[in-house]
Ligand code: MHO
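Here's a solo chain for you in C-alpha cells, the form predicted on its own.
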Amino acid sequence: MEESDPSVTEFSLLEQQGDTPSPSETETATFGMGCFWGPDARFGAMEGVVRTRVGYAGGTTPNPRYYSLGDHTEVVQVVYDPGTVTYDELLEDCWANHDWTSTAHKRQYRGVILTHDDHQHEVATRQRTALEEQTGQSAETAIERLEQLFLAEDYHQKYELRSTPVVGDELEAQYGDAFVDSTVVARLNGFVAGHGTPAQRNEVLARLNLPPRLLAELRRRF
C-alpha cells in the first residue's frame, strides 16, 4: 500500500471533526439558475452547505448528457445543514442571483425551483408571490416537483476549482471518488470563484496541510 499523503489526511480530518453533519441531519434543495457552474460555486462557499453537485433535471429525456439534454435543465443540488442555513435563506439567494423575470432562450438554462417536498413547494410559492407583489413583475421561474437528478459529467463538477492551475488536478487526484461530495472542495470551489469572506478562506486554509505551491495558487485566486 502506498504511504498516505498528509494533505489528504488533513482534508479528511477537517470533514470528520464535527464540521459535516450526518446524512440524517441534512436536507436537500435543487435550483436551476442558468449555467450551473456559477451557482455551484456560490452555494459551495456558504456556511451550512455540506455538499454541492451539478446535473440535469426537470425533463423526460432518458439519461441526458451535456450534448444531448433533450428537455432537461442545468441545475445545482445543495445538501445543507438546516441548523445553520435554512431553505428560506437558500431560496432567497436563488431568487437574488438569477433573472426570474425573463424566459431563458433555451430550456437548458431556464430558471426553475425543483422542490423535494410539500414544505419546500409552499415556501417557494410564497416567496415567488411575495416577489411579484413587491416588484409588480411577473415571475417566469417555474416551481416544479423534482422527479430525478442526473449527475453531470465529471468535468462540470466543481468547475471553478478544476480550472485553477495545479490545484484542481492535484486535489482531484488526492480525493478520488470523494472529490465531488467533499465539503472542503465545495468551499474551495466557491472561494476561487470569489465567494466567501476573507475570514472563511483563512480559516479553511489554516486547517489544511497543503504544499506551499498549492496554497500560493489558491491565495492568488482568492
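Residue positions are given as counts along the sequence shown, with the first one as 1. Given the structure is predicted, the values throughout are model-derived calculations rather than measurements.
Here the subject shifts to the form predicted together with the ligand, a form of this protein not shown in this document.
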property: Residues 43, 84 and 187 all lining the ligand in the model of the complex, heavy atom within 4.5 Å; result: no
property: Partner proximity in the model of the complex: residue 120 to the ligand, non-hydrogen atom cutoff 4.5 Å; result: no
property: 4.5 Å heavy atom contact, residue 36 to the ligand in the model of the complex; result: yes
property: Contact label in the model of the complex: residue 109 to the ligand, heavy atom within 4.5 Å; result: yes
property: Residue contact check: residue 156 to the ligand in the model of the complex, 4.5 Å heavy atom; result: yes
property: Per-stretch contact check against the ligand in the model of the complex, the hit in 45 to 53, 28 to 36, 192 to 200, 164 to 172 (non-hydrogen atom, 4.5 angstroms); result: 28 to 36
property: The ligand in the model of the complex - contacting residues of 45 to 76, heavy atom within 4.5 Å; result: 66, 74
